[in-house]
Each structure stands twice: as C-alpha cells, then as structure tokens.
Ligand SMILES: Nc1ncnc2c1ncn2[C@@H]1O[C@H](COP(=O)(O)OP(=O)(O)OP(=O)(O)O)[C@@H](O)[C@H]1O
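A single chain comes next, written as structure tokens; it is the form predicted alone.
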C-alpha cells in the first residue's frame, strides 16, 4: 500500500472519529473517547490527553494503558513532545525516538523502550487548549511523518468537540443554577423572611432538582400545596403535569379509581375505561394531600408504584407503568399512625425521601405583616379598591392573633376586611377573627370553613354523636370526619 493510500485511510478514519465525537456532549467522557479513537487509528500502544486547567497548566484528562501518576516517569520524552506541541502548535512525530536528536539524552527512551512518539496540539482558533501524547514500544514504526497534516486537522476538530461539550456542560450548570435562583422567584407566592421559612426555602431549592419523594408536614392552611407546586415548577419536571389529589374526603373505592383508574365494567357505572391520576401525571408530579387518610389496602398498591412504577387499574389484569414523582402532604403525625398500625411503615419510609416541615403562622410571626400586605395589595387590585392600607392598631392585632387556621385564615381575614372597609384604611373594627389573641371567641365567622363546621356539627348532633351515620349523611369518609373533629378539639372546640 502506498503512503498516499495510507494517509487517505488515516484521514477517512479520523473524520469518522470526529463525527462520532461530535455526537457525544459529555465533557467527562469526551477526552477518553478522543484518546481511545486516535490510539486505535494510529495503532499506538498507549497515550495521554492533556487539557489546560483554569490555572493555565496542562493536566492529564485521560490516559490509556498508562497511570496518570506515571507522567513524571516518562521524563524528558513526554516533556519535550508536549512542550513543542503546546508552545509551538506543532505536530511532533518521531518514527524512531532512539535515533531522533530531539530526544537525545532522554533516559526514559531506553528505560521504557519507546520507539515511536507522536504529540498533537489541540488548537481552538489561536489558542492551544491541550495536547495528545502517543507512543509505542513495538518493534515496527507506528507513526509516520506524513501523518502530520492529518493529525493537525484532527487535533483542531477534536478541540472544537471538547470545547463544544464543555460549553454545553457549562450552560447546563448555569441553567440549573438559574433554575435554583429562579426557584426563589418561583417561590414568591410562599412569602417569608423568617429563619423558619429560610430553612424551608433551602430544602425546597435542594429537593427541586431531584426526583426524591417529598413529604410535606404542616397544619391545615400552611400552604402545603403551594410548596408542592413550587418544587414541581422549578424542577426538571416543571413542563410536565402537576396533579393533586385530596385523599381525606374520598371513599375507598372512589380513591382507588381516582389514583389507579379503572377498566370498563369493573364496577357499576364503569361504562368505559378511565385513566387514573398516576397515568395522567406520568412524567410529572402527583401530590397526595392528606396521605395519612389513605386506607391500608390502597397503601399497599401505592407502595408498589413507589418501588417499581407498576400498578393495575381497578378491574384490570395487566400491569401499567408510570414515571411520576410523588409529593405527599399531611397534618397528621405519621410515625404515630405507623405505631397505631394505621399507616404502613414501609410506605412511610418510601414517601419520606426528604421531609419539609412547614411552620405554623404562630411560629413565624415576623412573616405575618409581609403576608398580610401581599394579600391586601392583591385583593385590593382585584376589587378595584385602590391603595388600601392597614392602620397601626390593625397591624398590631394581626401580629398578636393566634391564627389557628394559619395563612388561609389570615387570607380570609384580610379579604373580609377589604370588603368591610368603606374607605382606604383598615381599622381594628374591620378585622374579624375566628379566635382572638387571648383565645376568646371573636365576632361571628362568616367564612365558608365556619359554615362547613357549623353544618357538620349540626349533623353530628342530629345523629346523636354517631360518626358513621353522620359521615354517610354528609357524604364524606368516617376517617375524614374524625380528622376534622380532632382539628376542632385541638383548637379548643368541644365536639
């Protein structure tokens, strides 16, 4: 085979390598891929790939058949070849290093029995970003001086591929950093500057970039769903669906159908197949609100979803797959429910990849006025009421109130005050609390929650305290009714 034919084969091989290299954007793997490819094409025995570090010094980025720690041991041979490639941008090729005056006096040539040497600069425009070093201890010459132009071109193309991969990686890192930074911007619906909320924000930022299951613990009205939505929106699943299911007021059969879907004919009224939320939320996030209220039988099915992403619809025979992130929320003490055998221990550890405890409003009083002002501005604009402000006395009352209903109660209180205020200043007379700062009953609560409570208490009274009968009349689960009663008792209300 003529020398020209050899160079055409080499050039063709190098171009093929470059095409493959450009399809790989992983900067961690690319140096090794470049080195492996050129070693195979030139039939070299071993080699290094050097890249310029942030300090400007050349560092070993990949090694083949050589330990990176052995670089110094190659001595003057490596140093001479790399230096000429880096400083002069030249391809250094020697077909027999023992006879080459450039390596005269290099004891490493003899010690390592090196025959052929090649060093190729990785040139990016006017800058040398690295170099390739190759050698061979075989009896025959592995490299040829005629390969110089092809290797110089290869070095430039490889440098472009490496730079491109590093640029893409930097953009990905920057995008992730900006997403986290934007996370605070995306979290702005969740207002707070207190130390307690700073800890919540820090956890949200960290967990948003992962697929870990999240358990959000907090009292009713603390904004658990807002937190779940913000974590989803900022994370890599942010463009995919976010669906939420409140498990506290659904019967077992309906809950199972909502979660897993059902097939036609599986029960009375199932006139067609229906996908469940696990299917509809695939690729995105599913929030299970009041996860503690899920019955044990359904907990077992949910556990399998968290283990291997598999489930069966109600009445179905085939397993379906889903790729969904589970975010759970509850106001209940799950470890206690586990001890009471009301919640599976294995499921508890599955959903509790990381726990975020949302502090009640009474533990973050520094945030009360911030939240109240935000609610006031928003509701005033919606009501076309102009620039309404709080009086000093009303601000004092807001900060001293106990807020058993947390942010949700604060929101309703401020909104009512805007409606009741005839002018532009909210006074103490316009603030109607469910419970005052001293714990005494305030004026009549006109909220929907209060009306719901009064209605449930009336049905309980009519049922002579029979909770099963009351839950059937109300159309809610007995467990949900029990949780409501527990909440009211915690608030000091006799039931």
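As the structure is a prediction and not an experimental result, all values here were calculated from the model. Numbering follows the first chain given and starts at 1.
What follows is about the form predicted together with the ligand, which we do not show.
K.L.:
Report whether the minimum heavy atom distance between residue 123 and the ligand in the predicted complex is within 4.5 Å.
P.N.:
Residue 123: no contact with the ligand in the predicted complex.
K.L.:
Determine whether any heavy atom of residue 224 comes within 4.5 Å of a heavy atom of the ligand in the predicted complex, and answer yes or no.
P.N.:
Contact with the ligand, yes.
K.L.:
Evaluate residue 411 for contact with the ligand in the predicted complex, applying a 4.5 angstroms cut-off between non-hydrogen atoms, and reply yes or no.
P.N.:
Result yes; residue 411 sits at the interface with the ligand in the predicted complex.
K.L.:
With the partner left out here, check for me: in the predicted complex, does some heavy atom of residue 256 sit within 4.5 Å of the ligand?
P.N.:
Judged by the heavy-atom cut-off of 4.5 Å, residue 256 is well away from the ligand in the predicted complex.
K.L.:
If you check 146, 282, 220, 391 against the ligand in the predicted complex, which one has a heavy atom within 4.5 Å?
P.N.:
Contact check passes for 220.
K.L.:
So the ligand isn't shown here. In the predicted complex, which residue out of 320, 191, 263, 212 has a non-hydrogen atom within 4.5 Å of it?
P.N.:
Partner contact (heavy atom, 4.5 Å) among the options: 191.
K.L.:
Among 300-308, 203-211, 147-155, 224-232, which stretch has residues with heavy atoms no more than 4.5 Å from the ligand in the predicted complex?
P.N.:
Among the candidates, contact is made by 224-232.
K.L.:
If you look in the predicted complex, which residues in 351-369 sit within 4.5 Å of the ligand (heavy atoms)?
P.N.:
Only 364 sits within 4.5 Å of the partner.
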